[in-house]
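Structure 1 and structure 2 below are two forms of the same protein chain, each written out on its own as structure tokens.
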Structure 1
């Protein structure tokens, strides 16, 4: 695929700098971009690198002037990072389902497939599962009975989706993701634990993406829900009856206890966690490796364990580092005060 700078500018609703007829066949960082490639610069330093690169075009932000490109051709865009993502999508289109169902795939009874759907080698599709058109299921994946999967999904290799779970459209589950394992529910009975059967399911809305080896447990009763457009990194754990809002970011190794509610557009840093039954308001943010032990208000940024407002957390961290000094000042105060007490007698 080759596109002229002019056509890329039109695609991005952007402005050409220099020669719009220059042909672009790929997108790259300044150190990997070859002849025929477009690179991008969103600050003066990366612009210097871009100008030294072999790239045939340079994408810069609005603030850049034509002179900044020093005679090179390129595109001026509002948001270079976003434009970079959109061009990478353009030049690296997702694979398209061709209707190929591998002969080693095992399909249960009354499976409903809305062609074209691809099902990979040694995949297993349970009874009465429904799979929407355009969806690709990779090799070795397990889809339980009565699972529903929407259109244009990509279900990676060695994934497991347990029975009765519902997956929307354009959902991407990476390798090793497990949807609908039992929630962790037990009741102590004299000398042992009795299992609380988990008879709910998981609902994953449209445009959700879930990273490798992450898990979303089914609800005890009702549904564990992941809202539209939310993105989870690898090794994330979402527990039974959690209600994850729309466009929520959970970074790697986040762990949520049960019955947690996460507001739309919230962001949780890597390794952070939330105690059970708490609510994070819309656009809340929790720092890396922080643990929320109380509800977090809408829009608030918290950090630490227990997590507190970012500024309070910073102040605490500074003072913890200064504890040896504070300790010394207390000792000095004690010495000076004792001297004064003696002299005043």
Structure 2
């Protein structure tokens, strides 16, 4: 695929700098871009490197002038990083389903497939499952009975979607994802644990992406739900009956206990966690390795263990660093006080 700078500018609703007829066949960073490639620069330092590169074009911020490119051709956009992502998608489109079903795939009774759908080697599709058109199911994947999967999904290798779960459209489940495994529910009875049957399901709404080896557990009763547009990193754990809002970001190794509610547009940093039955309000943020032990208000940023408001956490860290000094001063005061007490006798 080759596109002129002018056509790329039209696609991005951007402004051409220099020669709009320059042809671009790929996107690259300033240190890897070759002739025929477009690179991007979103600050003066990266622009210096981009100008030294072999790239045929440079994408810069909207405020850039023709003089900034020093005679080079390029595109001026409002948000270079966003434009870079859009062009990567343009030049590297996702695979398109062709209707190929591998001979080793196993399809149960009354499976409904809205063609075209691709199903890879050794995949298993349970009874009464429904697969929407344009969906690609990679090898080794298990789709349980009565599962519904929407259109244009990409279900990676060795994924398991258990019975009665619902997957929306344009959902991406990467390798090893488990949707609808039993929630962790047990009741202690005298000298042993009784399992609480998990009879609910999981509902994944449209445009969700879930990273490798992440798990979303089915509800005890009702549905565990992941809202539209949410994105999970690798090794994320979402427990039974959690309610994840729209466009939520969960970074790697986030762990949510049961019956947690996460508001729309919230962000949780890597290795952070939330104990059961808590609510994080809309646009709340939890810093990396933090543990929320109380509800987090809407829009609030918290950090630490247990998590507190970001400014409070920073003040605590400053005080902790001063502990050796404060300890020394207290010892000195104790010594002086003891000397005064001795002299007063």
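Here the structure is a predicted model, which is why all the values come from computation and not from measurement. Take the two forms, superpose them, and find the largest set of C-alpha atoms that agree within 1.5 Å; that set is the rigid core. Residue numbers count along the first chain shown, from 1.
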Pair member which, unlike the other, is the form predicted alone: 2
If I superpose the two forms on their rigid core, does the C-alpha of residue 13 end up displaced by 2 Å or more between structures 1 and 2? no
Aligned on the rigid core, do the two forms place the Cα of residue 23 2 Å or more apart, comparing between structures 1 and 2? no
Rigid-core fit: what Cα movement does residue 338 have between structures 1 and 2, in Å to one decimal? 4.3
